[in-house]
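Just the one chain here, the form predicted on its own, laid out as structure tokens.
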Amino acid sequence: MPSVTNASGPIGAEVRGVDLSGEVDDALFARLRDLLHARGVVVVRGQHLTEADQVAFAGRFGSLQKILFSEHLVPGYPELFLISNVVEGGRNVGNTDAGRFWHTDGAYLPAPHRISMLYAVEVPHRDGRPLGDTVFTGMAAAYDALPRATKARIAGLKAIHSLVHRYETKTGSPEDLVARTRKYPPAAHPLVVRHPDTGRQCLYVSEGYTTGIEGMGEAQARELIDALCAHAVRPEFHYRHRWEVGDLLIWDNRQTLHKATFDYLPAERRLMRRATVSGEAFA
């Protein structure tokens, strides 16, 4: 039987004693799925997954999304996206700056990504300590902790999320990358979404993608977005994941934000494979 340990905060759980390579039986899959809905982020430790294993397991959650960075897809497995600082043949094998800002994957899409899962192939270490932690924050707990007046103020509002904002405005990316992002027009989603599997209300806003609020002036919208973002990432809502090789980290984008820590040097190799499950438009 798997061993499950919940993190001390409102999100995060660790699972040991299971093998996700090959065929995963329905009972184990249902238990992991339910744990993910309950805890938002789940790490399954000690895995040895081929690319085919990862694609097969991720596909149990739904249709897999192909990411726009085609140069960083795994050859033969377009469902898998590499996140890495490794350079081979003079080029980066993976995306090097994923997670620089607090965000939820795919918020710029009409139907945002539902679930993401990242498999650790190489983890950088220094003096025996793993580097490159990923930090998550629980958006249901963040919503619950809002003052009643703020909940009333944001009820029914929709926020605008933009991929161009992420790559052009916030990071000043190269023009060819910015041009690719322009094919994704901004998308509007409720500031408060109801999770379809748990029924809990969750804030849906982030510094990485949220640019405005429908029907609200720019200055007023910016003030509200900044205040909600600052509230959402308070430490009491966090789960900080310390990586081990063989971790399969799974998170629910509908109820979490995440952010990477870049505390490692270019020579300290980090290599991760990500699969992303497509989602549905929010009601």
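Residue indices: 1-based, along the sequence shown. Predicted, not measured: the structure shown is a model, and the values here were computed from it.
Another form, the form predicted together with a small molecule, is not on view; read the next lines as being about it.
Asks: Tell me, out of 192, 115, 118, 163, which residue has a non-hydrogen atom within 4.5 angstroms of the small molecule in the predicted bound form.
Replies: Looking at 192, 115, 118, 163 one by one, just 118 meets the 4.5 Å heavy-atom criterion.
Asks: What is the one choice in 103, 200, 72, 158 with a heavy atom within 4.5 Å of the small molecule in the predicted bound form?
Replies: Looking at 103, 200, 72, 158 one by one, just 103 meets the 4.5 Å heavy-atom criterion.
Asks: 33, 38 and 239: each with a heavy atom within 4.5 Å of the small molecule in the predicted bound form?
Replies: Not a single residue of the candidate spot has a heavy atom within 4.5 Å of the small molecule in the predicted bound form.
Asks: Among the candidate stretches 252 to 260, 219 to 227, 25 to 33, 59 to 67, which one is within 4.5 Å of the small molecule in the predicted bound form when only heavy atoms are counted?
Replies: The contacting stretch is 252 to 260.
Asks: Using heavy atoms and a 4.5 Å limit, would one call residue 83 a contact residue for the small molecule in the predicted bound form?
Replies: Flag for residue 83 set to yes.
Asks: Going by a heavy atom distance of 4.5 Å, is residue 212 a contact of the small molecule in the predicted bound form?
Replies: No, no contact at 4.5 Å.
Asks: With heavy atoms only and a cut-off of 4.5 Å, decide whether residue 92 touches the small molecule in the predicted bound form.
Replies: Residue 92: no contact with the small molecule in the predicted bound form.
Asks: Report yes if any heavy atom of residue 123 sits within 4.5 Å of a heavy atom of the small molecule in the predicted bound form; otherwise report no.
Replies: Outside the cut-off, so no.
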